[in-house]
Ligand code: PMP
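Just the one chain here, the form predicted alone, laid out as structure tokens.
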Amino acid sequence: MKNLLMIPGPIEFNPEVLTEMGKQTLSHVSGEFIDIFAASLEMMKQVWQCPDGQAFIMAGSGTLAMDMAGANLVETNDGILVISTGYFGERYAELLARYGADCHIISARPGETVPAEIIEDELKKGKYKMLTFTHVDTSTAVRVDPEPLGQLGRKYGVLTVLDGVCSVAGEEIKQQEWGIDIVLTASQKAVGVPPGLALLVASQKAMDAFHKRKSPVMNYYADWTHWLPVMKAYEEHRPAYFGTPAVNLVSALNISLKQILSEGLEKRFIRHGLTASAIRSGLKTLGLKQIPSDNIAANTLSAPYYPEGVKAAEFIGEMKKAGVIVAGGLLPELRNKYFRIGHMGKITTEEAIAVIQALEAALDKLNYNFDKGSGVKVAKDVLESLS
């Protein structure tokens, strides 16, 4: 029996996407592939809701997308304000420091966000070029509201970078309307394509900052000096080359973006919210507390604590035996105290219920005392009441 992959990326992928991955590889300079690449760039701007932005599709992971923003927009001694709501905020500060950035980190306590007024107080000091934040931190399932941070970026003239690795195509993002300068992600999460693509859309303000930089980009592969002409050429349906693109992955991306837009962004966001609500309700009914409170909990993953007396390795093993694969904790200080459930992309109502069923089966095996069937019932009730 195939296990249901419910980690926060890679996720379960649509069969049509996987079929496209398995097709004969096209020449990366063929007219057919150039048309696919051009269409994918255009659809990215629709999904990101940034019609005037510059899209980039690169062979690489979400870390490369983060690196692209840092390499191309940061110069030595630039002040960067990093808002951290988990592991990936701290990690981004480490990355940016490699390019000589003077990073100041404001870290939230686990399960919390940093209030906008505290961020504004720091921006008032006037020494910052960039403000970065993680929309959904994959380590904590905390969701940050991007809109007020975009407003702060415009008010204080700083570039805003949204790490959307675990949010793009699963959480609402209106990049252009909210004034977010960079929104980046990876293919293997809510975008719904196997791992291997770094995806980013930059505002015109971000591109202007890139063009005005005074020093060379200190990363050869990620340098937009090489890649911008390639993206422009593809947009105009012309061949171009700097490095070989991931042809089959781009073709799969083209299929997935079509599916996302066909579903409709608003419907897709509502569906992710409904699924998250059902899973959270099931967890709560079974007595499992979570790292974030409901009002700032992500719609793309959940981060519940293990019940008292339940050991991490035993629980994850029993979940797998019950047919569902979940992820362990990632935040260092809480690593063995919680686990993570990814619920993004193509996830169906039946799959959401299967997660709670497996959870109940695992807890029962580990002699955790609960009202059997209660989590499944509540999750089903939520899905029926809100659908």
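One-based numbering along the sequence shown. Please read all numbers here as calculations on a predicted model, not as lab measurements.
Not on display, but discussed next: the form predicted together with this ligand.
- Segments offered: 181 to 189, 275 to 283, 96 to 104, 256 to 264. Contacting this ligand in the predicted complex at heavy atom distances within 4.5 Å is 181 to 189.
- Screening 91, 174, 127, 213 for any heavy atom within 4.5 Å of this ligand in the predicted complex leaves a single hit, 91.
- This chain appears without its partner; in the predicted complex, the one residue of 302, 132, 138, 72 with a heavy atom within 4.5 Å of this ligand is 138.
- Mapping the unseen interface onto this chain, residue 165 counts among the residues with a heavy atom inside 4.5 Å of this ligand in the predicted complex.
- In the predicted complex, this ligand stays beyond 4.5 Å of every heavy atom belonging to residue 324.
- Under a 4.5 angstroms non-hydrogen atom cutoff, this ligand in the predicted complex has residue 61 among its neighbouring residues.
- Contact between residue 66 and this ligand in the predicted complex is found at the 4.5 Å heavy atom cutoff.
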